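Listed next as structure tokens is one chain, alone, in the form predicted on its own.
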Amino acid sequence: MGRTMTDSSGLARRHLAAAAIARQAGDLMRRLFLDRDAIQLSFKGPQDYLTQADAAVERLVRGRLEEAFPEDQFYGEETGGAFGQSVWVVDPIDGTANFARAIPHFCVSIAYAQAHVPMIGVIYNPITEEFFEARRGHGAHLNGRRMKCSDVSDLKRAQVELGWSPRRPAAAYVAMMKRVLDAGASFRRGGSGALGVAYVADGRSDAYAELHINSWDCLAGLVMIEETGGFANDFLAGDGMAKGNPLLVAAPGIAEAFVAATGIDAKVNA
């Protein structure tokens, strides 16, 4: 692999490429989503949906990125890869269960990291045509509009999202949900961690927590959280990039209270 590019022009070029590739992937996702009769559904595990669309979208994204940046490494949810010093981390369809059930809440998520530091994040929902993007030091935007976290300061006025993962016992999820409700927050579950984190960065949700999530589901959104002034736990602690970790992101005014309610350590609670 060639040298890792750390200069601003290299990041800008990668940002532009990621944005263009995400839109190409979105076009493919939209066509496949609308062709309901052609969707072939299978499962990787309990409630872990897989369609042929996931593989098709990842092939497109991987091929375009490898052609444009042969010096970079790639890791995708479906085809794997390697986590190097200069790596693209991709979820071709985050929210596959929604995609499979004709619910238009899913996205392609493309992140770029240098030395395990997320630098670029692009998330695109091709059905709503909402394009979230961020580059470290350059802000975060939704369809050209600058995003920012909400200014909520009371958990009793907050609406949060709690992601569910079969990698943790259902009892642990239920216990977290009860603590959050007891603290006075309202909650929902949308079925896409990438969009869940992006919604916090845009102030639509006040916080998001999940007891275990993988890097391809949240890395792009974490760039957006940092660029909009939100709080995030140390998701990449230990081997979080490769193996995942608990995730907590929040508007700064409720971060401390949300940490206490969820029981997710601000550093990490693997």
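The numbering used is simple: start at 1 and walk along the sequence shown. For clarity, every value in this text was computed on a predicted model and none was experimentally measured.
There is also a form predicted together with D-MYO-inositol-1-phosphate; it is not shown, and the following applies to it.
Trainee: Within a 4.5 Å heavy atom cut-off, is Thr96 in contact with D-MYO-inositol-1-phosphate in the predicted bound form?
Mentor: Taking the distances in the predicted bound form, the answer for Thr96 is yes, it comes within 4.5 Å of D-MYO-inositol-1-phosphate.
Trainee: Test of understanding: in the predicted bound form, would Asp72 fall inside 4.5 Å of D-MYO-inositol-1-phosphate by heavy atoms?
Mentor: Result no; Asp72 lies far from D-MYO-inositol-1-phosphate in the predicted bound form.
Trainee: Do Asp91 and D-MYO-inositol-1-phosphate come within 4.5 Å of each other in the predicted bound form, heavy atoms counted?
Mentor: Yes.
Trainee: So in the predicted bound form, is D-MYO-inositol-1-phosphate close enough to Gly193 to count as touching (4.5 Å, heavy atoms)?
Mentor: Judged by the heavy-atom cut-off of 4.5 Å, Gly193 is in contact with D-MYO-inositol-1-phosphate in the predicted bound form.
Trainee: Ok, Pro118, Gly76, Gly163, Pro126: which has a heavy atom sitting within 4.5 Å of D-MYO-inositol-1-phosphate in the predicted bound form?
Mentor: Looking at the other structure, the residue within range turns out to be Gly163.
Trainee: Just one of Ala53, Met241, Ile213, Leu65 has a heavy atom within 4.5 Å of D-MYO-inositol-1-phosphate in the predicted bound form. Which one?
Mentor: After the contact test, the surviving option is Ile213.
Trainee: Can you confirm whether Arg167, Arg189 and Asp217, the three residues that make up this candidate site, all sit within 4.5 Å of D-MYO-inositol-1-phosphate in the predicted bound form, judged by heavy atoms?
Mentor: Heavy-atom distance to D-MYO-inositol-1-phosphate in the predicted bound form: all three under 4.5 Å.
Trainee: In the predicted bound form, which of the stretches 57-65, 23-31, 227-235, 205-213 has residues with heavy atoms within 4.5 Å of D-MYO-inositol-1-phosphate?
Mentor: Heavy atoms within 4.5 Å of D-MYO-inositol-1-phosphate in the predicted bound form occur in 205-213.
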